[in-house]
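Here's a solo chain for you in structure tokens, the form predicted on its own.
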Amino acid sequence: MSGAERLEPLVGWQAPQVAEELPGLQLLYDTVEVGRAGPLTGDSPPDVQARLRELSNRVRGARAIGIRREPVAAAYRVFFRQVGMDPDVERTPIEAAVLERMLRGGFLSGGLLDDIMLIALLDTSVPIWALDADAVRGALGVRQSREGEPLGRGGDAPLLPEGRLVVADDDAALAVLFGDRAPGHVPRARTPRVTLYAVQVPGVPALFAEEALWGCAAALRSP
């Protein structure tokens, strides 16, 4: 993994209202060809499972209690409040992951792709999400949803209320920011290419978001 070529992520667009109201918010993304032999939703190979065990041993009670005071984790808490989310109710991704570790006694495998994204989150405190790259049309960005707009292009897509922050491509909302992805756009077991994206909020250095993306991409490319 260390020999993998570092990617230079693309910077997503922002709707003018989002850019004005939330300066410092940035979406970084890139598309990766999957090199792993196994299915993305199947069991992780030994190297990924070993990394999860290592992180389970490293993240124990003391860090779990103090995680919200770490600079990157704290920046996400501040941003959640800024957009009307209570981080003590709707937990930030890193706090949710650490709480789950404490409840379950370790970071349990959820499948190859989910494990790789979890490892990146635990290493950097920056959350990563993945979309089926072949279902993305054009560039990704952040905007507000329109009243009754479907989440995704599938026939069973749920409808969104007006004003939700969403990750969108040229003509559809693909994910709620920090929330659900469109059902028809989530990578499947044998998805050949995935688009990874990171949400960088004010107070989080770009290096952390880039490192999280690179870690996921390198692990997915690894044969």
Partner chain sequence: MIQRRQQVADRERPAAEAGPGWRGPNALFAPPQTPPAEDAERAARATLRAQIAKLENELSQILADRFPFIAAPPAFGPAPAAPPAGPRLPGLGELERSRDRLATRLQELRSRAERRSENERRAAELLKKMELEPGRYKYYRVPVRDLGQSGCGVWEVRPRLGLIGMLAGWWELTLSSGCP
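Keep in mind that this is a model prediction, so the values were computed, not measured. Positions refer to the first chain, counted from 1.
Another form exists, predicted together with the partner chain; not displayed. Remarks below refer to it.
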Which of 188-196, 45-53, 170-178, 150-158 sits within 4.5 Å of the partner chain in the predicted bound form, heavy atom basis: 170-178
May I ask you to check whether Arg164 falls inside a 4.5 Å heavy atom distance of the partner chain in the predicted bound form? yes
Although the partner isn't part of this model, could you tell me whether Gly105 comes within 4.5 Å of the partner chain in the predicted bound form, counting any heavy atom of the residue? no
Taking heavy atoms and a 4.5 Å cut-off, does Gln144 contact the partner chain in the predicted bound form? yes
For Gln82, is any heavy atom within 4.5 Å of the partner chain in the predicted bound form, or not? yes
Would you give me the residues of 68-94 that have any heavy atom within 4.5 Å of the partner chain in the predicted bound form, in order from first to last? Arg68, Arg69, Ala74, Arg77, Val78, Arg81, Gln82, Val83, Gly84, Met85, Asp86, Asp88, Val89, Glu90
